[in-house]
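Quick heads-up: the structure tokens below are two forms of one chain, split into structure 1 and structure 2.
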Structure 1
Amino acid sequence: METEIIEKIRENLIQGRKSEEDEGIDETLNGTPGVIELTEEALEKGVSPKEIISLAITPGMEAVGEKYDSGEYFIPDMLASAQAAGAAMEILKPHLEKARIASKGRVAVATVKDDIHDIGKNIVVILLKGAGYDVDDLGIDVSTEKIVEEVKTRGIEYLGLSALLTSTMTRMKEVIEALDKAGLKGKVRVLIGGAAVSQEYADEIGADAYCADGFQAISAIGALKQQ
């Protein structure tokens, strides 16, 4: 049953069905529970927020990103899925933030310049806050100059950079180079994530860690704190 409802959440997210009133690409889903109803049902049945995010929302949005990159999905399709994911995260947010404890460190998270993707970033922000970090959400489409300035003025210890598209992932390299020129590279640890990037790309541009999702971001920061 748990696997079935996780699959339903993921599929409805990909279809952009926020609630049962929404139509999907697959007409057979019309009139059936959408992401909101399914997320609430999953919680009632004891499915953990971590499982909902890591097995349904994150892979669902990765699939949407792939469809957008390939031209199968257009901006309205991507936004519909993003809104569905955002609605699910609003339901999960209080469950994730319950265990918040004293700050473990200062983190800034941003989606790089020319990229308007924010669901993955928002998930990371919520999870890091729930894990006890002070998190500055710098938003989407953030210029390299602004990111460097925020790191400098806010005393950021860890910087998370997100990119959904292959056309914007090169901005991450620009940010790391700019931090180095500003004398900040050794003072802030850089983590990258998003559908467009990989561990290989993180190694290539000199990032400190690659994170496939928000839970890996928590683990990666914990590991970096020990270094």
Structure 2
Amino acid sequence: METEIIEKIRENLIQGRKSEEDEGIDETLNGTPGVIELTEEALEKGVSPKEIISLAITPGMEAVGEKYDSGEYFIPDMLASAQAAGAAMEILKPHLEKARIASKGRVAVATVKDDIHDIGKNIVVILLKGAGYDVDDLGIDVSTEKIVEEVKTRGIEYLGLSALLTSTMTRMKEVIEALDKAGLKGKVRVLIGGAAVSQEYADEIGADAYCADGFQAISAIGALKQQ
């Protein structure tokens, strides 16, 4: 019984069906419970949040990643699955806190001052949420002061910065310098991404990682954790 519902959650996650109303790929699932309803049901039945994460959500997202890599899935498919995973995590959050299971980490993501591009940033937010991180989306056109302030007050461990314009990428350097000044060096790790920047630029300004896409954000944070 337990394994059956775990399997259902995983399958619906792979299908990108957040809730009952969503269409996945397999049309026969239309109208049946989605990840949200199934997760609630599983909790009612006494399945532990830990099991839901380790047996349904994590392997489900891994399967989605493989499908994306092989070309079977496209970004919209992956985002639908990640949103479903994020929704499940929201439901599990209070239970995890009760069971004193820490989230994977606190992340904030922002598009820097004077830059309004946010499609890429939004993808990163959705994927990181889907991967089980606690993510604050600080929005677009966010000033350096505001970013530092938020990092401080929210206890952010990983800060993602996005810049698509060569005229705004210099803000990233500003943010890193301001974080240093605020005594946050080493306490928060900085990841950067967006069309304007590169690995060389990350090295130049002392960012901890450059990510060419949202998946690299997940692996980069994973790698930084190991350090």
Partner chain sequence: MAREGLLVIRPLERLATKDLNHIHQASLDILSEIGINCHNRDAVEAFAGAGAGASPVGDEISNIKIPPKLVLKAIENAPKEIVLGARDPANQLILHGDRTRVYLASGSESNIWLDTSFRPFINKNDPDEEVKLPSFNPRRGTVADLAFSAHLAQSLDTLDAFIRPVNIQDKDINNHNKDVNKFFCCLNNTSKHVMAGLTSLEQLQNVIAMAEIVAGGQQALQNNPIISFITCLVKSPLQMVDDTTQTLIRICLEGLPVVISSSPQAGTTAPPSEAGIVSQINAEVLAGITLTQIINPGTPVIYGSVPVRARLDNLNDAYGAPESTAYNIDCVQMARYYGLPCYSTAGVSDAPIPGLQSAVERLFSSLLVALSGPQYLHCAFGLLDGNSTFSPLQAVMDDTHFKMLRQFLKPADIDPENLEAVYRKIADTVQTSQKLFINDIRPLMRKGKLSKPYIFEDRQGNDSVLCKANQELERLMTLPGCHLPEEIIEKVYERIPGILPRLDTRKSN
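Numbers given to residues start at 1 and step along the sequence of structure 1. Just so you know, these numbers come straight off a predicted model, no measurement behind them. Take the two forms, find the largest set of C-alpha atoms that superpose within 1.5 Å, and that set is the rigid core.
Colleague: Two forms of the same chain here; which is the form predicted in complex with its partner chain?
Modeller: The form predicted in complex with its partner chain is the one given as structure 2; the other form is structure 1.
Colleague: Using a rigid core superposition, assess whether L138 undergoes a CA shift of 2 Å or more between the two structures.
Modeller: No, because once the rigid core is superposed, the C-alpha of L138 moves less than 2 Å between the two structures.
Colleague: Aligned on the rigid core, do the two forms place the Cα of C211 2 Å or more apart, comparing between the two structures?
Modeller: C211: C-alpha displaced by less than 2 Å between the two structures.
Colleague: Taking the rigid core as the superposition reference, indicate whether the CA of I116 shifts 2 angstroms or more between the two structures.
Modeller: No: I116 shifts by under 2 Å between the two structures.
Colleague: E37: how large is its C-alpha shift between the two structures, with the rigid core as the superposition reference, in Å?
Modeller: After core superposition, the C-alpha of E37 moves 25.7 Å between the two structures.
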